[in-house]
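The chain below stands alone and is given in structure tokens; this is the form predicted alone.
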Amino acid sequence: MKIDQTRLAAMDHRYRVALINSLSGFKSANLIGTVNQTGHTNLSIVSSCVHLGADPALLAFVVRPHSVDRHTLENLLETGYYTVNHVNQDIYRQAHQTSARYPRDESEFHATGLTEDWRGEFKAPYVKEARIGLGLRFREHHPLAINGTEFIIGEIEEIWMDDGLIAEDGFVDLEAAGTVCVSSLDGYHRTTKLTRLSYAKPDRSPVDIE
């Protein structure tokens, strides 16, 4: 099967969106926790988080065009802080529901039954039910002219996770954490690790390291 741009352009909009969103494969599922300066919290699921570097520790994600209110974007630009919380198999239904368009004064935490968790002096709420949570400070904002989306870069300031998830070499066991992934807009998946492979070098084949 070949689908060219002419066929794409002729497709029903929702069909095309589902198709194109499937093509990037399995994606991470994360909940972004924010609060505005008047204390109203917001929680939003995103599937576009991407690692940008380890030193400094940077993550980025994409916000859809700002043609309507984007409470997550507005809050983190206002306060400079937000959390990234892994969606796990116990909360994926509530996490999905955060994509509904709730009014600004109704927190998705309360609407979906997830719990705000304020940890220490950090200036954004975590999701208590998440087993891995990251506290980030906003660093850069790049509006993308090509399609009107917004690229947000943050620096990890703190990491919270359940005990026993980090191996001796720093590898985080996402399956033990129950972390799920997303395909297209609404497919949620458990994962099964095949193996871990040794560092790739041109003069030798990789071998299993566990």
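Residue indices: 1-based, along the sequence shown. Everything numeric in this text was worked out from a predicted model, so none of it was measured.
There is also a form predicted together with another copy of the chain; it is not shown, and the following applies to it.
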Point to revise | The unique member of 110, 104, 139, 128 whose heavy atoms fall within 4.5 Å of another copy of the chain in the model of the complex | key: 139
Review point. Is residue 184 a contact residue for another copy of the chain in the model of the complex, using a 4.5 Å heavy atom cut-off?
Key: yes
Check your understanding: residue 39 near another copy of the chain in the model of the complex, any heavy atom under 4.5 Å?
Key -> no
Exercise for review: Evaluate residue 99 for contact with another copy of the chain in the model of the complex, applying a 4.5 angstroms cut-off between non-hydrogen atoms, and reply yes or no.
Suggested key: yes
Check your understanding: Looking in the model of the complex, any heavy atom of residue 34 within 4.5 Å of another copy of the chain?
Key -> no
Check your understanding: Does anything in 164-197 come within 4.5 Å of another copy of the chain in the model of the complex by heavy atoms, and if so which residues, in order?
Key -> 166, 167, 168, 169, 170, 171, 172, 174, 175, 179, 180, 181, 183, 184, 186, 187, 188, 189, 190, 191, 192, 193, 194, 195, 196, 197
